[in-house]
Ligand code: BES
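Presented below, as structure tokens, is a lone chain in the form predicted on its own.
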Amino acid sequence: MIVEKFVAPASKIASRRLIVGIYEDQTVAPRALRGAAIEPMITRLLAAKELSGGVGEVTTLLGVEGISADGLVLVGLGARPKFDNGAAFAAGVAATKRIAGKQRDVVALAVPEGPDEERAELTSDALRALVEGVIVGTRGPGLCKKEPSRHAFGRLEVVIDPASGMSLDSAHAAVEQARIVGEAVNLARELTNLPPREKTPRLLAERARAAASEVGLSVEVWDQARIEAERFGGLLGVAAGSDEPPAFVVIERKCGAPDCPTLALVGKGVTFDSGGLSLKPSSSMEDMKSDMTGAAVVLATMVAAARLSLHVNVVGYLAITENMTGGSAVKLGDVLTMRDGTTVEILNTDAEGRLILADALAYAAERKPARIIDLATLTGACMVALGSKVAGLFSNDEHFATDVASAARRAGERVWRMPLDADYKELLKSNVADLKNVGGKYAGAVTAAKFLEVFVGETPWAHLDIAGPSWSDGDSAAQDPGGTGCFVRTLVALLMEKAGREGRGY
């Protein structure tokens, strides 16, 4: 999709649809409609509460006098005091979902005024989130439908009012960044929504190779022989029950400075999770094609970093396998030896993600990055604790935890810091091995994170348990059912912050 920027009154832009944001407590027509013939009517409807400005509420008006567009799409931004980048993103998705069901050659988006009356213009971060939402909303989950249910626009025109006071340079940069990041989110969503037979470990690894190579990233794909040579006992153990061999992918971007520190991104890539011999109920398997979301998010982030030309050193590690029930599957009571020599007694084969991440984290830590962050659809326990909208954030480093939480806030995504106290490790003690792979009945998300912590050593590390926000069961105004592509935006914000402020990478 082509994205262009215009400085003009929004009402004068000829397009199929003109998207205009309104706030929940707004009493006068938004700036984009002032001076147009429809302004008095919009003001009356707002004053009478006939138009809702709730986040994601959409009203479409056709054939509006004084508007050059064929139709006007009013989308709610929520209450001004609560407006943030999450609301901006949701508004963008909701507006696009309403109008992308048909092919549109040109759609215009009027940049709304800011929520702060003392600051009339929208911040560049909020503009970026809004446009990211618009891009994401053009892609639906129906990858296998005979006819697509959603269509990208031929051209999106982002319209800046000349009277807004917005810096044109910052607006231009924000819109271009949003296009790249929005497309990266959709890449992660597409990979998550693919049927399992279309993303076996080999196929997903090859897709990662192609996507990374296309943007000039260095990429290695390890086959089973290489994985065996590297002593990835956890990854091999989980893969043993499948006819499909595992894969391990290393993707690297270097900024060029020899002293530039490196951020390592590690993603869980279980392309289908049956639970192994600790078999899941059938209903719990229905969305298990999404158990590779962490790997998809890492790949999409790496692609975005390259396309944004971020001055960072960043390496992505994707541990990819199926977890199946074949005759060679790991049994309860078996002991696996991880990359770093740690032995693990298997007491639940459905706690497989931590086993493949253990190898990946140990390998990443050996390469001495400045920091490591992993993303995994790891535990149902985290959903019990935090619900389906919030990811659990665990870290062994206060400064890094703060940086990750801050990046999530800037992106408009939600995390909650969880405990990682030393005594939780007591729950992982085994009588026959160094560790067991489950900690018992309680604190499942915490003991899973505590297990992972063993393999990073002293490296500053953060773990995002994204089991909840990675997948949406239902359809809503601002979200499709299926994979969400969550935390691509957070990771990009984390990388952009370092690249922008320090100028030398992570």
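Given the structure is predicted, the values throughout are model-derived calculations rather than measurements. All residue numbers are counted from 1 along the displayed sequence.
Only in words, not in the display: the form predicted together with the ligand, which the text now covers.
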Verify the contact flag for residue 477: yes if a non-hydrogen atom of it lies within 4.5 Å of a non-hydrogen atom of the ligand in the predicted complex, no if not. no
Are any of the heavy atoms in residue 350 no more than 4.5 Å from a heavy atom of the ligand in the predicted complex? yes
Tell me, yes or no, whether residue 379 is in contact with the ligand in the predicted complex, where a contact means a heavy atom of each within 4.5 Å. yes
is_contact(residue 291, the ligand) in the predicted complex, heavy atom dist at most 4.5 Å: yes
Quick one: in the predicted complex, does every one of 273, 383 and 467 get a heavy atom within 4.5 Å of the ligand? yes
If contact means any heavy atom within 4.5 Å, which of 108-116, 312-320, 232-240, 280-288 contacts the ligand in the predicted complex? 280-288
Which listed residue (354, 199, 253, 189) meets the criterion of a heavy atom within 4.5 Å of the ligand in the predicted complex? 354
The unique member of 438, 58, 443, 454 whose heavy atoms fall within 4.5 Å of the ligand in the predicted complex: 438
